[in-house]
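First, one chain by itself in structure tokens, the form predicted on its own.
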Amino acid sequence: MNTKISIPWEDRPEGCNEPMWRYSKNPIIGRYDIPVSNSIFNSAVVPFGDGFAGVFRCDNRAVQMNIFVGFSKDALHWDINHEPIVFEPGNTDMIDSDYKYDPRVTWIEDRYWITWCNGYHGPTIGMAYTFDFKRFYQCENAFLPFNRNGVLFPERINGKYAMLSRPSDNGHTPFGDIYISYSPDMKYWGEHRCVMKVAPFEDSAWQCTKIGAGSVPIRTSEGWLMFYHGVITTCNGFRYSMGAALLDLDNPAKVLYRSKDYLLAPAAPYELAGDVPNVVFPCAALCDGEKVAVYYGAADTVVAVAFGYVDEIINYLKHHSL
């Protein structure tokens, strides 16, 4: 399990029997929380120093998509920089980028790695690292276009770095499965294997159109706990909900259990209404070994948090698995 950290927490509301529940003061980050923003959502947070750091998707009022750094003492109240991250060359020359969105962040060995959807002749997986959240070093894109939802594991697996992703197309992808890829050096990626495919409509319709990895997987004694999003195409467009899966520790391409029933689906006003209605999109999770706080974008507009107990979520998966 993860090293003990003090994560944000709110007890389960009275009368709630669900495996996860929303923070009563959601959303924790509003769409206009920095002067330039049209919306702030689909963002990632990690423990850092005596508090927390995060990389936030902020679309400005021209709706240009970029990523910004922010800091917090309690992981609920955030001070986000008003200018986007400026990158320096990392393991390669600087790479053109038409846009950056939907970041994830994880600590691996000696630094924080950031992945995001990078605009390079279409969407692909951009990568960078930082030691201090002051200087950021952009590396080679992980994959060819088109790809989204690149999520690194927080440690090597059988000596190799590992990343989940969702091969896609150049538009609002009407399909998508989760794959895993491996790298010896964070520059060259291969050994691509399918992990999870969309569910048959008749078995679990909330995830029948496409799925994508959400939070950085959490090591537990029973496997890697990974929150993911699933999408159904309704008569009113896409609807994004959140589920979870438990992956084998030594071979994460092997799915041990996977949500048949969603854990969280659009229901609160800030999830139902916004720039893109009906979206719950997890991008980060803080875990103290027993409890977990999952950060998610709501309606492509704001950032919200949901809570749960790790053991309860795993037990729920076992009893509600595809």
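All residue numbers are counted from 1 along the displayed sequence. Note that the structure is predicted; figures quoted are calculated from it, not measured.
Unshown form predicted together with beta-D-mannopyranose; subsequent notes refer to it.
inquiry  = So, Phe227 and beta-D-mannopyranose: in the predicted complex, are they within 4.5 Å at any heavy atom pair?
reply    = No, Phe227 is distant from the partner.
ask   = Applying a 4.5 Å heavy atom distance criterion, does Arg57 contact beta-D-mannopyranose in the predicted complex?
value = Looking in the predicted complex, residue contacts with beta-D-mannopyranose include Arg57, since a heavy atom lies within 4.5 Å.
query = Is the gap between Phe136 and beta-D-mannopyranose in the predicted complex 4.5 Å or less for some heavy atom pair?
reply = Close contact is absent here: in the predicted complex, Phe136 is far from beta-D-mannopyranose, nothing within 4.5 Å, heavy atoms only.
message = With a cut-off of 4.5 Å between heavy atoms, is Phe281 one of the residues that contacts beta-D-mannopyranose in the predicted complex?
response = Yes, Phe281 lies within 4.5 Å of beta-D-mannopyranose in the predicted complex.
message = Tell me which stretch of 78-86, 156-164, 94-102, 125-133 has a heavy atom within 4.5 angstroms of beta-D-mannopyranose in the predicted complex.
response = In the other structure, the partner sits against 94-102.
Candidate from Ala265, Val276, Leu256, Ala253 lying within 4.5 Å of beta-D-mannopyranose in the predicted complex - any heavy atom = Of the listed residues, the single hit is Val276.
Residues of stretch 175-189 in contact with beta-D-mannopyranose in the predicted complex (4.5 Å, non-hydrogen atom) = The stretch does not touch the partner at all.
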